[in-house]
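Read the single chain below, which is given as structure tokens and is the form predicted alone.
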């Protein structure tokens, strides 16, 4: 009998349920007797012992369901070893709840911060298997994360819809796509929707080059321009500031976000009418796309296999289209960034897309 704890941590996304379903179906279909304990609202459930037992029926009919049946929350890694407001040692509390339930392993679904905490628990002696969830596709050790392709579809659809109104009114439209530190989502959605300009956190932009692209399009007869901006995009001027100076600027909140700052600069320098659209959390919502349903199911199946074999301390990912296991210590704390020299960036530039650099 395997006693398995399961939790989903960090921001939600599509295919979390599909991935958990994959784990449980694999165990049950291979005659592995298992007791599943679902911790509620991420690491908070493990810290405070809030869970519910789950059976096979709980994982039936959830392949296409977005969000997470267990709930989620953000429990920052930088404060995970600090006592809570009542003086509780959170790491020790997680260990005690693990031991109290006599768990054989924890299955943890999450992104970068989640994996840091998962690796800490591994170092503390707990058996852990993780699955790579994030719409940002920024986890080290895997070519893809589930939730990413679904979010690309949502963001692409938003930019597609903007095209018609932008063309009708002859406006510059900015669509702000999620991604604080990494720009994979903006890059893919921007290319898929035919954005003219894409601004990413990894490639600081020069506003004058952005404006030059708009004017170039106008001279060629294009009445509108579509700009896809990652929420963490940064200008070359701001990138030259120290961390302290940049934080001070952000704290002043002159603009709601970088998209509005870009819009104001374009309007001031060109007199062009600019509109900003922010799809926001719609990018995390809705049913997972077919790719993510298949991908998350494959990851779940491999995680179930690792559990049956007693192989712990791994993240299940994908490399060169094959599902692989990656040691947690190689994953935790590393971000997979968009390199300015990446082939996809060079190819986008060949298509005429401007990155403001």
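Residue numbers count along the first chain shown, from 1. Note that this is a predicted model, so its numbers are computed, not measured.
Keep in mind that the form predicted in complex with 6-O-phosphono-beta-D-fructofuranose is missing from the display, and what follows is about it.
Chemist: Test of understanding: in the predicted complex, would residue 135 fall inside 4.5 Å of 6-O-phosphono-beta-D-fructofuranose by heavy atoms?
Modeler: Yes, residue 135 sits close enough to 6-O-phosphono-beta-D-fructofuranose in the predicted complex that at least one of its heavy atoms falls within 4.5 Å.
Chemist: Would residue 116 count as touching 6-O-phosphono-beta-D-fructofuranose in the predicted complex under a 4.5 Å heavy atom rule?
Modeler: Residue-level check for residue 116: no, no contact with 6-O-phosphono-beta-D-fructofuranose.
Chemist: Do residue 188 and 6-O-phosphono-beta-D-fructofuranose come within 4.5 Å of each other in the predicted complex, heavy atoms counted?
Modeler: Contact with 6-O-phosphono-beta-D-fructofuranose, no.
Chemist: May I ask you to check whether residue 179 falls inside a 4.5 Å heavy atom distance of 6-O-phosphono-beta-D-fructofuranose in the predicted complex?
Modeler: Output for residue 179 is yes: heavy atoms within 4.5 Å of 6-O-phosphono-beta-D-fructofuranose.
Chemist: Going by heavy atoms within 4.5 Å, which of 122-130, 247-255, 207-215, 279-287 lines up against 6-O-phosphono-beta-D-fructofuranose in the predicted complex?
Modeler: Of the stretches listed, the one contacting the partner is 279-287.
Chemist: Looking at 196, 202, 153, 231 here, can you tell me which has any non-hydrogen atom within 4.5 angstroms of 6-O-phosphono-beta-D-fructofuranose in the predicted complex?
Modeler: If I apply the 4.5 Å criterion carefully, the residue I get is 231.
Chemist: Under a 4.5 angstroms heavy atom criterion, identify the one residue in 95, 269, 163, 74 near 6-O-phosphono-beta-D-fructofuranose in the predicted complex.
Modeler: Looking at 95, 269, 163, 74 one by one, just 74 meets the 4.5 Å heavy-atom criterion.
Chemist: Judged by heavy atom distances of 4.5 Å or less, which residues of 1-23 approach 6-O-phosphono-beta-D-fructofuranose in the predicted complex?
Modeler: Only 11 sits within 4.5 Å of the partner.
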